[in-house]
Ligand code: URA
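We begin with a single chain expressed as structure tokens, specifically the form predicted on its own.
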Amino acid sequence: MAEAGIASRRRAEEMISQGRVKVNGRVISKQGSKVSADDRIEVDGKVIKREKKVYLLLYKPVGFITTVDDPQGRKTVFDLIKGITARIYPVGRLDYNTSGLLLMTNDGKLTFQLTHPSFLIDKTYQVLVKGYPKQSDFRQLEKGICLEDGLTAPAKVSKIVRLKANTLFNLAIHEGRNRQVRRMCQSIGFPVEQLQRIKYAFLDLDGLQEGEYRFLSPAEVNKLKKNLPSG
């Protein structure tokens, strides 16, 4: 049901419990029931079909939020996506003031695998901080920062450039905590001035301008899935 775009997995479980789902004409109430591509599945009397999988890479600008809608009326990343009828969702989030690479898809299984920290998918950010961190500060970022929600996993710092009043560097992490990079840098005393996600696994922003997007090629999708657990 999630793959057909009918509802989220949690909502689908509720609909099953409510007796609104039939498989081959029989009401099912057991969670996790197995079905095949040949089975006829109905929700509220309507036959459902699996949505075609869509995999999209967006160059998110600053000033857009990563949700379907916003009670405050701010622009969302969906305002940048035109002509796509599939119910796609962001893979993780980028906050309002962060730009860069955002994956979007209707493949729930892949989304879970890409966002779960145990699967060690690197996300690389270009970070501009105020001031000049020392090597000991960068080593602390790499070792792990104790935040209010726990110790961060080891990170990777690279391409450090000293500017007039700031420092620019790349930071790769595989977690996805809320505002994690900003909080890590604030913790060592160097607040973030600008933040951009420049890579997700092997994918980058090459060929895109802010606000533009492209579809992943079958080869890119296969490469994303290749080394992920099959469970």
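These numbers come from a predicted model, not from an experiment. The numbering used is simple: start at 1 and walk along the sequence shown.
Keep in mind that the form predicted in complex with ligand URA is missing from the display, and what follows is about it.
- If you check ligand URA in the predicted bound form, you find no heavy atom from any of 53, 88 and 215 within 4.5 Å.
- For ligand URA in the predicted bound form, the listed stretch (79-87, 135-143, 94-102, 155-163) containing residues with heavy atoms inside 4.5 Å is 94-102.
- Of the residues 65, 195, 41, 205, just one reaches ligand URA in the predicted bound form with a heavy atom at 4.5 Å or closer; this is 195.
- Although the partner is absent here, residue 57 sits far enough away that none of its heavy atoms falls within 4.5 Å of ligand URA in the predicted bound form.
- Although the partner is absent here, residue 179 lies within 4.5 Å of ligand URA in the predicted bound form, judged by heavy atoms.
- Applying a 4.5 Å heavy atom cutoff to ligand URA in the predicted bound form picks out 125 as the lone residue from 117-142.
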